[in-house]
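Quick heads-up: the structure tokens below are two forms of one chain, split into structure 1 and structure 2.
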Structure 1
Amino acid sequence: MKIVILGAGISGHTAAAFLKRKLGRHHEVTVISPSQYYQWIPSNIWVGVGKMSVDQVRFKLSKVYDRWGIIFKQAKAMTIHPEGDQEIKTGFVTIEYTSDGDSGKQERVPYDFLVNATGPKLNFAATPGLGPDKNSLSVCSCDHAIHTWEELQKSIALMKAGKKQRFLIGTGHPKATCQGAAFEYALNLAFEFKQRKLDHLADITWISNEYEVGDFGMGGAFIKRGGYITSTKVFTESVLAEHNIRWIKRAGITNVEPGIAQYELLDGTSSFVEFDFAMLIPAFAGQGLKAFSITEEDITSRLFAPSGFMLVDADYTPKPFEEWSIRDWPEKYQNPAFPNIYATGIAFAPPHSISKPMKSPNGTEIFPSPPRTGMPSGVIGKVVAQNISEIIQKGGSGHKHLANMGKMGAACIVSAGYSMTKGLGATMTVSPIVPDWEKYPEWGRDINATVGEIGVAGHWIKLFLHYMFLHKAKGYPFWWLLPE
């Protein structure tokens, strides 16, 4: 059997690792990724403030895949042909190489099973003027984080010279997700400035499309902290206030010009904020893959939602927010039209937002898209690998391993400053990720498993997890025993 995996991020790399471990040398596992590197994206935050080098958060995929016996092609997937053609009777993908020497070369790669783990397209273009090549910065990739650190050093130099600097951190689109990454970066900036005794010259503003800060694209949460139950709104506002960070909420940035970000508020009014340094997370979209039938008919709509994310075993029926439930969410991540195709991590299309959809009087949707990064991506990648392995080895079409985000818990550790003695980290566990108001009518989640704390121990845990997950990703001894 031939299993092809598109993408080598957290989800794709995890799927490849478990597939090869379970299937061994008798079956072929191929990974296709446009980058030669695996990168531990959560630690890009530290690259963006100069606390880690890029080589501390990434490694070359070929070294690991050569050892595991996985075929690696540094290329970008272009089209999917689930029915094959007159020459290739199974499904295949067309790819275009991005590696030096082979750049631009195209190839058709056949498969028996296909796993789409392509992650998000960083859709900077959805907001005019947004992006590292225009008027804002990013920590969404290693290259972006390096550039951001270079620009931050310029601002630090100006502050050392006595010049006040205005920092704008948050979401750069009315429906952007990954508030957590931007929140982390804002806290690390505040910590660094305080350590350098420059905090009196730093004016930091948090701007977000959240209805309340602490929503994080999951509708917020109630957490148990120090024996008391509080909301993530209060928790997040307290942390921002302690770091002297002001906030603008319910804001959708509509345009970014040099030194000025224009935004619309949920009440329909428009305003702007001036900055000297802006790190803004873009909207996410699917990679734009096309699909074709055996007769070359465009069947993209059978595989992908209009957003470009792949359709899976979810209920995409439009319905009022109050009628959504965890039963709408996928469990197998299998495409309904072609059962040998799966989508993992950010590549699958969520059935609905977790946060309540909001629209301004002008018709602008301003609310976070659902997050699917980190721990959920790893869990989904592993579950898909387990199911495919068992189908190949035992036959049938059953899926013993399921991963509904309405039943899945997740742990998140937000760095609030890098230092072994003075650093801080906010730890939070949420169970389930998608609230289940039927099972937990009071809080939407299991309040005994949804907790949050902040302190220096959180930083130690965050740093430990950085090295633990890189150990796992590099396939070092007993990697499969480590959690996702």
Structure 2
Amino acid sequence: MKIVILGAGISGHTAAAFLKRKLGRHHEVTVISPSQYYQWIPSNIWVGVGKMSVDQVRFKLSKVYDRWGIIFKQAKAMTIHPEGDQEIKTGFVTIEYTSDGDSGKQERVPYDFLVNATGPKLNFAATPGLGPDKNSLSVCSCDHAIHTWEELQKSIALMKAGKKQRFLIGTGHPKATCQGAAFEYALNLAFEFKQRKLDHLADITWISNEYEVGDFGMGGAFIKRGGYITSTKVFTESVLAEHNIRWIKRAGITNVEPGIAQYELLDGTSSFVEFDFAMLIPAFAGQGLKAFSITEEDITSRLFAPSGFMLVDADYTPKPFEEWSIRDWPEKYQNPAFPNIYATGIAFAPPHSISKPMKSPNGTEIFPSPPRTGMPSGVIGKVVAQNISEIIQKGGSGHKHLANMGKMGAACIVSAGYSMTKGLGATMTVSPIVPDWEKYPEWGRDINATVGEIGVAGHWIKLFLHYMFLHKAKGYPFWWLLPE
């Protein structure tokens, strides 16, 4: 059997690793990724403040795949042909190589099972003027994080010369997600300025599309703290206020010009904020893959939602927020039209957001898209690998392993300063990720499993996880025992 995996991020790499481990030499596992590197994206925050080098957060995939016997093609997927064509009777993917020697060369790669783990397209174009090539910075990839650190050093030099600097950190689109990463970056900036005794010259503003800060795209959470059950709104506002970071919430950035970000608020009013340095997370979209039938008819809509993310076994029936249920969320991540195609990590189309949809009087939707990064991405990749390998080895079409985000917990360690003795990290856990209002009618989640703690222990955990997940991704001894 031939299993092809598109993408080598957290989800795709996890799926490839477990598929090869379970299927061995008798089956062929191929990974197709436009980058030659695996990146541990959560640590890009530290690259962006100069605390880690790029080589500490990435490694070459070919070294690991050669050892494991996985075929690696450094290429980007262009089209999917689930029914094959006149020549190739199984499904196949057309790819275009991006590696130096073969750049531009195209190939058709046949498959028996396809795992789409392409991750998001960083859709900077959705916000005019946004992006590292234009007027703002990003930490969404290693290259972006290096560039951001270079720009930050210029701001630090100006501050050392006594010049005040305005920093704008947050979401760069009315429906962006990954608030957690931007929040970490804002806190790390505040910490670094304090360490350098430059904090009196830094004016940091947090701008977000959240209804309340602390929503993080998952409708916020509640934690037991100081004898109260407290919202993450209070927790997050407290952290921001402590670090002298002002915030603008319910804001959708609509345009970024040099030094100015224009935004619309949920109440319909528009305003702008000036900056010297802006790190803004873009909207995410699918990679824009096209699909064709055996007769070359465009069947993209059978595989992909209009957003470009892949349709899976979710309930996509439009319904109001009050009727949302965890049953809307997928469990198998299998495409309904083509059962040998799966989508994992950010590549699957969610049934709806987790945060309540909000619209301004002008019709602009301003609310976070659902996060599906990190832990859920890894878990979904593993579950899909387990199911495919069992179908291949034992036959049948059963899916013994399920991963519903309404049943799965997640830990999020928010770095708030890199130092073994003075650093800080906020450890947050939620269970489940998608609130289950039927099981937990009061808070939507298991209040005993939800944690929010700040301390240097959080930094140690984040650093420990950095080394642990890279150990796992590199396939070092006993990697398979480490959790996702």
Partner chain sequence: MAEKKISKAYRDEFYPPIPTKMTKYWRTNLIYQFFKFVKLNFKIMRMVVKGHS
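Throughout, rigid core stands for the largest set of C-alpha atoms superposing within 1.5 Å between the two forms. Residues that one form lacks are left out of the comparison. For numbering, take structure 1's sequence and count from 1. Everything numeric in this text was worked out from a predicted model, so none of it was measured.
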item	value
Number assigned to the form predicted alone in this pair	1
Taking the rigid core as reference, consecutive runs of 3 or more residues that move 2 angstroms or more in Cα between structures 1 and 2	224 to 228
